[in-house]
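Single chain ahead, written as structure tokens, the form predicted alone.
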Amino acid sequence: MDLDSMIVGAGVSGLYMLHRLRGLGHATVVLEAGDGIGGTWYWNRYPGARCDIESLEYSYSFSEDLQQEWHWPDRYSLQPDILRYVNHVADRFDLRRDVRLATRVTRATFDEVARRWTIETDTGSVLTATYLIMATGCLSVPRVPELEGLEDFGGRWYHTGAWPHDGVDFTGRRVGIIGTGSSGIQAIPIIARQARHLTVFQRTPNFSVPAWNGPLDPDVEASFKADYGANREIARRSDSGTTLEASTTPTHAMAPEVAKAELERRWAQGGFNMELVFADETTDANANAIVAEFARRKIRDRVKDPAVAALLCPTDHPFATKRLCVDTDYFETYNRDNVTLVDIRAEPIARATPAGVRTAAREVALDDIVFATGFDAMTGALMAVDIRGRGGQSLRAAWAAGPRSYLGLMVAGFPNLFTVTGPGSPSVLSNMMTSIEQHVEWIAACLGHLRDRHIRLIEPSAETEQRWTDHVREVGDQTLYPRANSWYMGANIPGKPRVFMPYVGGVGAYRTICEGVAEHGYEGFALAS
């Protein structure tokens, strides 16, 4: 099958990309590895899976009718509600007819003579397209650690990122969960209420702030929808891609009593408001330390056992330099009699056994093991496909020392290949919905520009790519983010280069840069007819 464009991934970005390319008159197909659409929200069905961006902002803005008619039940939406929404969008805009499910892309090769991509799949089908758009998501390749003896474990094991679609009943069972990042922090309170006993194996404690979640206030919903256009524009021009109020006052300009009151006010608001207390929170170590100690004090208030609270208090990284977690009753869960916390830095896991897990100090009897160990973030899904550009160069080889791109949108040596929210863009440091829409709309406008001028080829120069890669690193180095061994740095994957991958310059500033590139005739790109 010969196409104008091929999209890989039928999640939030792939579906919107399809909608926009149809508007250009492109013959387009979306290839999706899963048996259903939804991407992240199709796969992540673990107990408590919920978005950490507020519902009214974690939604498409391209259709006024859509955003007015849809009602979200909660302030922060559960996975089933988001998946229901994505399916509604697919039906409302008749997107399913161009989506091929249960089809995994294995290889994509650029033909320099034909100037087209040849795409191979695990079903044996081969397709060609002028443009290849990777909408594969930043958190879509689960990481299961190499736990010795796992094949001998006599119980069941699961990964939060590939959860059984018919659910799991932990009633009366002894469960162990490994990992206390976002998915673990969401799942632990739910599993604890089901299980006979829950053992949490924690290597690194994480900062987590309360969501204060509940049913969406009808007055809040009505007010937000009454001015949806203005609210969306605020989000697009903000640093975070949201309407959250960002402080413009640095710590040194705020009296101690004022700072304390502001910390409490932000805490009462909940969620990512705690990242925005001071203007210099992510750039000044002293400012960050004030927020970090405030968050640790709240942990000690929420956990009754001082020894357990101490284990749960992060001390090895600045506040929010790892993905800040947003929770409901996470720390309170450790007050339950049926929950045990094991510090695997002091007591490393040695292996799985037929009966459970053995640490350096004990054997823990388990019926089930849950891996909440995250993903090969940002590059994992792109590197999972054998992508070959000019001269047969592989993307894996090009990124052997870390990802390189221009704007997180394209890679030198790989003509007509676009990445939605790729490394080098704000992506995971923002409201993904805002960033996805910006990327999809930029790509669609670019392809419209090429069509109108009878141009068949676009590719960033190596020099432009180098300048942008250097800029991403320089901006990142001005912050505290590189001080944390986070998945932003690839630190959760053994052997992965330690490179700060997202662009931390802010959604609004990044959007302005992208707009300027387009307005100057796609400056930094080579165009050929």
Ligand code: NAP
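The shown structure was predicted, so the numbers you read here are calculated from the model rather than taken from an experiment. In this text, residue numbers run from 1 along the sequence as written.
Quick note: we don't show the form predicted in complex with this ligand, though the next part is all about it.
Enquirer: Which pick from P318, G424, P415, G184 sits with a heavy atom within 4.5 Å of this ligand in the model of the complex?
Expert: Contact residue from the list: G184.
Enquirer: Which residue, R75, R174, R143, K225, is the contact with this ligand in the model of the complex, using a 4.5 Å heavy atom cutoff?
Expert: Partner contact (heavy atom, 4.5 Å) among the options: R143.
Enquirer: Which one of these stretches, 211-219, 261-269, 356-364, 197-205, sits within 4.5 Å of this ligand in the model of the complex when only heavy atoms are counted?
Expert: Of the stretches listed, the one contacting the partner is 197-205.
Enquirer: Given this ligand in the model of the complex, answer whether the residues R232, A246 and R511 all have a heavy atom inside 4.5 Å of it.
Expert: Zero of three within 4.5 Å in the model of the complex.
Enquirer: I'd like to know if M489 sits close to this ligand in the model of the complex, meaning any non-hydrogen atom pair within 4.5 angstroms.
Expert: No.
Enquirer: Would T373 count as touching this ligand in the model of the complex under a 4.5 Å heavy atom rule?
Expert: Although this ligand is absent here, T373 would touch it in the model of the complex, with heavy atoms inside 4.5 Å.
Enquirer: Any chance T180 has a heavy atom within 4.5 Å of this ligand in the model of the complex?
Expert: The answer is yes: T180 has a heavy atom within 4.5 Å of this ligand.
Enquirer: Would R296 show up as a contact with this ligand in the model of the complex if we use heavy atoms at 4.5 Å?
Expert: Flag for R296 set to no.
Enquirer: At 4.5 Å, heavy atom to heavy atom, what parts of 445-472 sit next to this ligand in the model of the complex? List them in sequence order, or say none.
Expert: Contacts from 445-472: none.
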